[in-house]
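A lone chain, given as C-alpha cells: the form predicted alone.
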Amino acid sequence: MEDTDVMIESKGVTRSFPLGGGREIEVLHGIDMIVPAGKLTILKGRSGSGKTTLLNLLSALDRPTQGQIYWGEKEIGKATEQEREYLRRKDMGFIFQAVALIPVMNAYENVDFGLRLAQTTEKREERVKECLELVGLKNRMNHMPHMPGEMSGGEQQRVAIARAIAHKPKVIFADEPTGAVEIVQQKS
C-alpha cells in the first residue's frame, strides 16, 4: 500500500486508565493498524474489547498512553489541542453509540450546527435538507429530538447520522451507529 493510500495509521498504540490506589488497567496494547483512504474499515470484537477506546484514539478525541497515531503524515498525538479540534471539525464525522444531539435544537438545527462547526458557508440550508431527506426525516426537520413523543430513539440516531455526513468529512467514525435505527423504506 502506498503512503498516499493511508488515511490513518497507528503504531504500537497502548491505552491505560487509572483504577485508583495506584493501579491501572491496560485496555489496548501495541495496536498497529492502517485505515486506508476511501475504504470501509470495521472494528469487530466483543463488548469491552476496546473498540470505542480505539475509535476515540484514532479520531483524536483521546491520546494514547504509548505509541503513535498518524493522520496522513501528521502525528495527531503530538498535535496541539487546537490542531486536533480543527481536524475533528473539518475532516471527521462522528456517530456516537449514545445519541449526542443538542437537546434545545430541532433536527434541522442539529444538522446545521455540524455545518457551522465545520465552517461550511455555501448552500447550508440545501445541504441540511438533503441530508435529512437521505435519512428519511425530510418531514421531521422541525421536530425536537429530546422532546417526549417528537422523535423515537432511531429517529434521533438518524439525525446524528445526517449531522455526521453533512459537511462531507474525509472519515466518519461510527460507534454502533445503527443500534437504535429502524429500517426506513424510501418511496421511489
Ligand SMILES: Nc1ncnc2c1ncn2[C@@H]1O[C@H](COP(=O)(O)OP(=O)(O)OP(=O)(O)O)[C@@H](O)[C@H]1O
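Position 1 is the first residue in the sequence shown; the rest follow in order. Note that this is a predicted model, so its numbers are computed, not measured.
One more form of this protein exists, namely the form predicted together with the ligand; it is left out here, but the text below deals with it.
Partner contact region in the model of the complex: 25-33, out of 156-164, 125-133, 25-33, 138-146, criterion any non-hydrogen atom within 4.5 Å of the ligand. Only one of the listed residues (41, 119, 49, 152) places a non-hydrogen atom within 4.5 angstroms of the ligand in the model of the complex, and that residue is 49. Contact annotation for residue 53: at least one heavy atom lies within 4.5 Å of the ligand in the model of the complex.
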